[in-house]
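Taking the form predicted alone, here's one chain by itself in structure tokens.
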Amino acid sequence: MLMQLQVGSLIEPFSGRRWVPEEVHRQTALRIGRFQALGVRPGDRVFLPFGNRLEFFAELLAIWRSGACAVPVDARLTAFEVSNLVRAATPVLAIADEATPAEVTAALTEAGVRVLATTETGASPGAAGDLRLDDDALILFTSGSTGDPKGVVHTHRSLRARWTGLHDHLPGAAFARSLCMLPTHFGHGLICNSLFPWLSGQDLFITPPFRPDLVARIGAVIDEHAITFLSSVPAIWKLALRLARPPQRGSLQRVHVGSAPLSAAAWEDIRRWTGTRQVCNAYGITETGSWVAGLADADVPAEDGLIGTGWGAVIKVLSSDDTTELPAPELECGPGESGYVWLNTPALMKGYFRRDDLTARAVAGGWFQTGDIGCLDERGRLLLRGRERDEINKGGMKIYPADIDAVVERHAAATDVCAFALEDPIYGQSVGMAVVLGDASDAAIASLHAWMKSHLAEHKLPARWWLLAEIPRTSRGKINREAVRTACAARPALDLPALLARAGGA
């Protein structure tokens, strides 16, 4: 039986703004009226290039109750990236706030998308329609902002299946006062950290994401608002453990750490800081509605890579990652044997938006091939051992190196390129880039740097560059990003700041 959805209060602890459930319903009804007046129809897609504030959640509910599909968009993207997503998703409308960058709203307008301020609600509330479970509810773009976008489509049915699975496996009281410091444009922050507790009738406290000055105040916020739950990523914890005083009042009942692996040492550090042993590494993927496995009772010895059991999902570890081979008993690895992690869950995405080719590569007979390497122990608990995917995990934000390659390849000076992950003491990983240039003059490099800044969001820009005569490739001509990273580590990186200063292009 599906859990009943009911909203709790929404609170912005740093601004002091609060909407009780009655105000949430009023604000949502005004936005439903606005969408109806504008002729938004079932199946239409609406961009939300803002988030982490009260109005975002009212817009989301209004979009759904109008029968439309919400497309949260990272406002840090460049105009080029936003335009590319518009071409892929063809939204009928975009709703922005005063903090949405002018270049983003300009890109939407130039692409023919009408942009309204979230405060432009109109005066007449609208009557909510019934939600149809198999209608598209969310499209979350996970890659391809510079090339062929890959948008994960979730229906109302798959989202409810995720929340029901969590409701059945986790202690509800622990989520009574939940804090979200994660971006609301990706699965971890939106589907699980925010919507799961809030649509269970719990209070949701929302802050701007990833701001070091706010992370430094997290202990005080936990105490002031008697926060019982929060989820975050290892990079935020590195900052919090260094900058913030621990909470003093013992209100925290549960803490999740997701979007990146958690070491045993960091696990114990977080337990000491939070004052609770109920800290777990929640495993989740956007395609499966984020959190899909973890520890219901997290009072266990910390262990590198330990996840736990499925939360409304079946986990298998197979010797093959080939989606043409359906998961079968003869492919299953024994306890402790590493292989490819496959998931089966009713919360699985509908598919990649208008990309049946990509869906077929990831899904076989209802099973999703995660791209992660792991094993099941004798108790059936999942332990992650590594990942096969190329994605770069910068503080929990996934960056796809192919997106960076696609931008660089368009520049006249570049003849070959390979972006890859670098170790980073704060974010866990950052971006490195090896590039082959036909013209390696200071002016050409400065031109490439300017080109990348205008086509890539700031967090995607490579922190270090290497100029190579040739990009190492496999015998089949494919890039092995780890081999490229190793080759670069043996030589000095380009002194980009000095070069830009010489070229006058800093």
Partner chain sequence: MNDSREHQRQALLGFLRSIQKAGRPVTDLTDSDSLVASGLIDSLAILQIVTWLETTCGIDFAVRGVAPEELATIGGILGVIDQESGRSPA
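Numbering follows the first chain given and starts at 1. Small disclaimer: the values here were computed from a predicted structure and weren't measured.
Although not depicted, the form predicted together with the partner chain is the subject of the following passage.
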property	result
Candidate site 266, 271 and 398: all three near the partner chain in the predicted complex by heavy atom within 4.5 Å	no
The partner chain contact in the predicted complex: residue 425, any heavy atom under 4.5 Å	yes
Partner contact for residue 496 in the predicted complex: the partner chain, 4.5 angstroms, heavy atom	yes
Contact of residue 106 with the partner chain in the predicted complex (heavy atom, 4.5 Å)	no
4.5 Å heavy atom contact, residue 235 and the partner chain in the predicted complex	yes
Answer range among 288-296, 208-216, 90-98, 117-125 for contact with the partner chain, defined in the predicted complex as heavy atoms within 4.5 Å	208-216
Single option in 373, 239, 302, 111 placed near the partner chain in the predicted complex, where near means a heavy atom within 4.5 Å	239
Residue among 412, 133, 360, 243 with a heavy atom within 4.5 Å of the partner chain in the predicted complex	243
Residues in 288-305 with any heavy atom within 4.5 Å of the partner chain in the predicted complex	none
